[in-house]
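Okay, here we've got a single chain as structure tokens, the form predicted alone, with questions on binding and movement later.
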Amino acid sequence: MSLVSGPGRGGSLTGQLPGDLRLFVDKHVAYIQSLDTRRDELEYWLTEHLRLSGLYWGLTALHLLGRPDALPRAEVLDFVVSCMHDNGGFGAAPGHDAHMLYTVSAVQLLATLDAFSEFEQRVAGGKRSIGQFIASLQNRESGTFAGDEWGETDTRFLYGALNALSLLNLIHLVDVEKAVQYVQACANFDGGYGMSPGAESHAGQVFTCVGALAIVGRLDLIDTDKLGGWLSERQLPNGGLNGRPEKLEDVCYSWWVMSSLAMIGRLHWISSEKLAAFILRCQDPELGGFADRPGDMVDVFHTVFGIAGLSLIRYPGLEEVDPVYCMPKSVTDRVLAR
């Protein structure tokens, strides 16, 4: 899956959308299918370091659009397996270093494809190996997780670890209570959360912290009204959402903000109608895909989060998304036996 941007732009090539805003499902499916055909473009190779996550973004978008078979399942599974290292971690592409983020994407892909059994047949003890790789990255004193052997820490990695381990049914391999304590240490006076203790509140980090607490059943620790207030203030007059005060709107925050509001039961604190209109203005109705805002080039990252945001607000025709995992709810219900 290519992370190459374009060729379309949000709002169409002419800068205008049809008067009746709607979701151009077939165009978005065709756009995602085309991404791996652009191998003669330099940007295809410059974004190789995101390849596995790009595949997760594309496949998730297709599932939410109701087109789960739009990518060849066998080829997707082959690529996922090709990215695995002997230590149980996954790189972004074959030959890339193992990292938490791509390991999480690999687990999400395996879950979405309903391929854990096939994976175990191809890689004996594969699930356990993945779990041990993830567990090895936890700092048992602080509770947080590193992204890789080089030690960078971030609440993204903590959330990702709990996400993947819960899907693997291996969350017992880590110290959950220590992880919860670390998340609590990242809480700020404004109700939000940062990437580490004392860091500025940011909607993306709010998602990781709230998501982590949701996975382990500790949403009771959140001051929901204070956090809900901070999140609801992210909506701008044009309907879009930003990630922190005084920043521009961006389609991806349709996910980070809205999923967090959904998890704490405050989704109704923003205008879904205005948000839906903003998201739809960011799509290219001719070539498919979503941009961060109207007039910019589309990419698969903003495409999945725009579609997931629409799913959260129950846009007609979309499959339901799980606000905790950013995966089809039908998938997480199956994997987690809910």
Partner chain sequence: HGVLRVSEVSKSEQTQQKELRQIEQYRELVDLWQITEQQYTVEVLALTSKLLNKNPEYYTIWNHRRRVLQHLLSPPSGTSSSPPGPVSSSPTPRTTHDLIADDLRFLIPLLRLYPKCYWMWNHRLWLLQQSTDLLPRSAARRLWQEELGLVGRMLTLDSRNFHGWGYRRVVVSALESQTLASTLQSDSTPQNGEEATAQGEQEAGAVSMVEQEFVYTTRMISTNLSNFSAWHNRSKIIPRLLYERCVSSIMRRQLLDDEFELVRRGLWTDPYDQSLWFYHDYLMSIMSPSVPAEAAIVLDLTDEDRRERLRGERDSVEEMLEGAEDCKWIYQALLQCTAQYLGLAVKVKNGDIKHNAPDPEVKNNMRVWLEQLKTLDPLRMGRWDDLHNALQL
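From a predicted model like this one, the values you see are computed outputs, not experimental measurements. Positions refer to the first chain, counted from 1.
Beyond the structure shown, there is the form predicted together with its partner chain, which is absent from this document and is the topic of what follows.
Proximity to its partner chain in the predicted complex, defined as a heavy atom within 4.5 Å, holds among 125, 217, 198, 72 only for 198. Only one of the listed residues (86, 225, 114, 141) places a non-hydrogen atom within 4.5 angstroms of its partner chain in the predicted complex, and that residue is 225. The candidate stretches are 88 to 96, 173 to 181, 208 to 216, 117 to 125, and the one lying within 4.5 Å of its partner chain in the predicted complex by heavy atoms is 88 to 96.
With a 4.5 Å cutoff on heavy atoms, residue 29 does not count as touching its partner chain in the predicted complex; it lies far away.
At the 4.5 Å threshold, heavy atoms of residue 232 reach its partner chain in the predicted complex. For residue 159, no non-hydrogen atom is located within 4.5 Å of its partner chain in the predicted complex, even though that partner is not displayed. For residue 236, a non-hydrogen atom is located within 4.5 Å of its partner chain in the predicted complex, even though that partner is not displayed. Counting a residue when any of its non-hydrogen atoms is within 4.5 Å of its partner chain in the predicted complex, the hits in 290 to 315 run 291, 292, 293, 295, 296, 297, 298, 301, 302.
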